[in-house]
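Shown next as structure tokens: one chain only, the form predicted alone.
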């Protein structure tokens, strides 16, 4: 091993929520860590809707007071409907199967992400920004190094929290796009969008169409994040530049269009393409992949931040254990450290078990039969309440069996709905068949995220 007094216990690539949370936990455990982040914070980022479990985790990390200082909108549930806008279904988190936290929030990511990164630095994490990893120099058990442009930084573990850049996955050649979920997302921030009344003001709205879906998320008292997720193959057939695609979709979706009638439209939109993927194995000799750097799911159920921060706390725990094993000491809990192979298997199981319920629901979401059942709002054996528990993020460290078997049952019901009318039928809605209604003229500028 090439360890010197300048060797860090962990090098963390990326200072977003996953990287900052990992650094925070490791620094609190007395480990020497450095974050390498390419962008100055605060910076724009999408993903403004949080799950109740995410709120609980922030409290567990002792960051509740910091969170309260950032403008946000309380989130008690969500609205789902077809793009035609004829009828929507609302659910609230207090309808969940188990007695769990009923509250979450929507928030602008720029100040939230900066809050987490600042907390990690205040706990002792070093930060290099702006800095970009140009090359992975070494990657082996207990001995890693990266080049950040003529300077080599050495460490004992490399923790990749580079998000959708998937730096380590691309380096190792393990990044794989999920072919059944090749989507493109177009999004921007609007002002003065019409809102739902009362406690439903913070409900994210999901408008479903044959070609994809829209989100509307109120992030403070005047701004709303609106996005349009479109099948990638369909996007290629539409004669419209990426900078205009969000407006193309809104003009054809009454549910969204009617709420932006008096809104101020953004002059800049953002685009993300081919964003459902995984990078297996999620860990190996000398490294872990954290949050979006490990895998990314379609954001329909806002699972990204919860999965990112939960995997971050897990990676921090496992890194501390591996460091103890290398040093010949006990873990903080007084246990003898397990072998690196067993630790990596533990992490793989954690990710697979935690993500599985979201993966199943995302796969179901694009089935019109499931959409009909979901909008019905009820079902036998409390399958709807189990779905709400999953959508609240209560699947860590492993989902309860009471949730798992009900979600599997929901799959069976969706298949039966194709042949039998278990719930009332709903008319499909196609953007390609819709008549557009023009919005006010704008000159959007494309900015790829």
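On a predicted model such as this, the values are computed, not experimentally measured, just so you know. Residue numbers count along the first chain shown, from 1.
Same protein, other form: the form predicted together with a small molecule, not shown, and the subject of what follows.
Listed residue (66, 43, 385, 400) with a non-hydrogen atom within 4.5 angstroms of the small molecule in the predicted complex:
If I apply the 4.5 Å criterion carefully, the residue I get is 43.
Just one of 232, 110, 324, 272 has a heavy atom within 4.5 angstroms of the small molecule in the predicted complex, so which one?
Exactly one residue meets the criterion: 272.
Counting only non-hydrogen atoms, choose the one of 389-397, 31-39, 66-74, 414-422 that falls within 4.5 Å of the small molecule in the predicted complex.
In the other structure, the partner sits against 31-39.
Against the small molecule in the predicted complex, would residue 305 count as a contact residue? Criterion: heavy atoms within 4.5 Å.
So residue 305 counts as contacting the small molecule.
Check whether residue 144 has any heavy atom within 4.5 Å of a heavy atom of the small molecule in the predicted complex, and answer yes or no.
Residue 144 lies outside the contact set for the small molecule.
Do residue 131 and the small molecule share at least one heavy atom pair within 4.5 Å in the predicted complex?
So residue 131 counts as contacting the small molecule.
So in the predicted complex, is the small molecule close enough to residue 163 to count as touching (4.5 Å, heavy atoms)?
Yes, contact at 4.5 Å.
Residues 8, 125 and 169 all lining the small molecule in the predicted complex, heavy atom within 4.5 Å
Zero of three within 4.5 Å in the predicted complex.
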